[in-house]
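Only one chain is given next, in structure tokens, and it is the form predicted on its own.
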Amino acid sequence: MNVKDVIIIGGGSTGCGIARDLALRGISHCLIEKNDFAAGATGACHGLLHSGGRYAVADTDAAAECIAENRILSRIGRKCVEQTGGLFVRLPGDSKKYRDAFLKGCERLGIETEVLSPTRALELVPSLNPALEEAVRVPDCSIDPFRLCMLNIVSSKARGGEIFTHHEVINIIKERGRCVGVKLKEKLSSSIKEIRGKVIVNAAGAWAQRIAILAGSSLPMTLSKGSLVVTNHRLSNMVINRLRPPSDGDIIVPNEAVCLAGTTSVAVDSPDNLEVTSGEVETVAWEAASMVPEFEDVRLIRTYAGVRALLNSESLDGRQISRSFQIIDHKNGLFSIIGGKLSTYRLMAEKLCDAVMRHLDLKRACLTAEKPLEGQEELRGYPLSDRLESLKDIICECELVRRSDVERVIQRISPKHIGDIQHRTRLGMGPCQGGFCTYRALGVMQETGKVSPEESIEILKEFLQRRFKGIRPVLWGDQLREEQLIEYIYLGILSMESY
């Protein structure tokens, strides 16, 4: 029987961070994720490593956590973090009182700021609205959530941690009122496994309530959907924020070859089957254009949405709920963690593991703030253009993913989903959104014998359906014309109409 000290449910940044923390403390563990890493809110965020400035006025606890973790992650995860810096932009009509409160809050929390004149701000980001009245520089950064999860898992695997991706927890085993294990189903084969553990950690994010119910418990959660849009190129090399109380569409984040803009806040009952509406796209694009006018004419190539699992609140507006986090000991062998942000994932993992160590009556210190993330030596750094060694054997021109990158992933994990390659290489995450490179990657999978021709067709069909769901809300103008070309490639040249 497979027995672990700790069973972790959820493969987002928090779950992966918990796995790394436990590994460095020498605690046996396994991690279970029903899809691939970063499949929930982690992979559907805007990739902003917060300076804390966004919360410096109304959510000071979260702001303090963000600036502390910003500094730690910039040190331990250099190849996950792009040191873009950030600007909070004040436009005509934006409150000077809020600006004063923002600066005082940042000073009190130790968040470095520099007030810039319009001329200086435009020198840094020429695409800014020339009508801006001033800007405040802060140490915001861009972070790659997929790399972050993978590197945390490197430490876990190196120390004996077992990882079960594409496995869904279908039941929690209880004996004498205590949670003592889980039953999980492998999604492709439907085979059932059973794992026993001394502690079960519920880090399932927006799905955490479902796990708690399996254990006979409940959680004080509020679900808030955030929708974002992706541009076909970088409009700014710095993070751009609106200098006002948090609202829709007031953040633009450079991310490799593109920019991400968002986000909305809409209460939802379920994290499944999310849809981005045309109204949300219009709102985000309109608000982003007020900061960067080029947004009015830029080609939008994709939309996506994630669900924030926030602490329960009577507030009608999810933006008023604190972005801090809470750890809940259900007193039956289950620990849950809810709330928080990608920026504070490491701290969340540390505090959760501290609670687990007390429960197990063990004393081993957290090491995650001091030790650099392992596996970074295999990664190429920022910016993207610095990685180009040769156009030879490039599979994905947008993200400069080489054939050797794809082959390495295939040999390591034998993927059955194209998303497993995307998350580990960034294949298909650039302007074409996989339209011109996915079939090439599938060809490599077939050549290596990891999938059959029949399996590759099913993988391709699933990918195309998921891709179209994200592209459909922005199908107009040049984006529609490019999509018609891609449709011809798949239906005409590749004869996908037969399937």
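Numbering starts at 1 and follows the sequence shown. Please read all numbers here as calculations on a predicted model, not as lab measurements.
Keep in mind that the form predicted in complex with a small molecule is not shown, yet the notes after this line are about it.
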Each of 263, 343 and 485 near the small molecule in the predicted complex, meaning some heavy atom within 4.5 Å?
-> yes
Report yes if any heavy atom of residue 433 sits within 4.5 Å of a heavy atom of the small molecule in the predicted complex; otherwise report no.
-> no
Tell me, yes or no, whether residue 86 is in contact with the small molecule in the predicted complex, where a contact means a heavy atom of each within 4.5 Å.
-> no
The small molecule contact in the predicted complex: residue 168, any heavy atom under 4.5 Å = yes
Can you check whether residue 70 is within 4.5 Å of the small molecule in the predicted complex, heavy atom basis?
-> no
Residue within 4.5 Å of the small molecule in the predicted complex by heavy atom, from 63, 41, 474, 30, is 41
Candidate stretches 421 to 429, 105 to 113, 334 to 342, 356 to 364, one within 4.5 Å of the small molecule in the predicted complex by heavy atom | 334 to 342
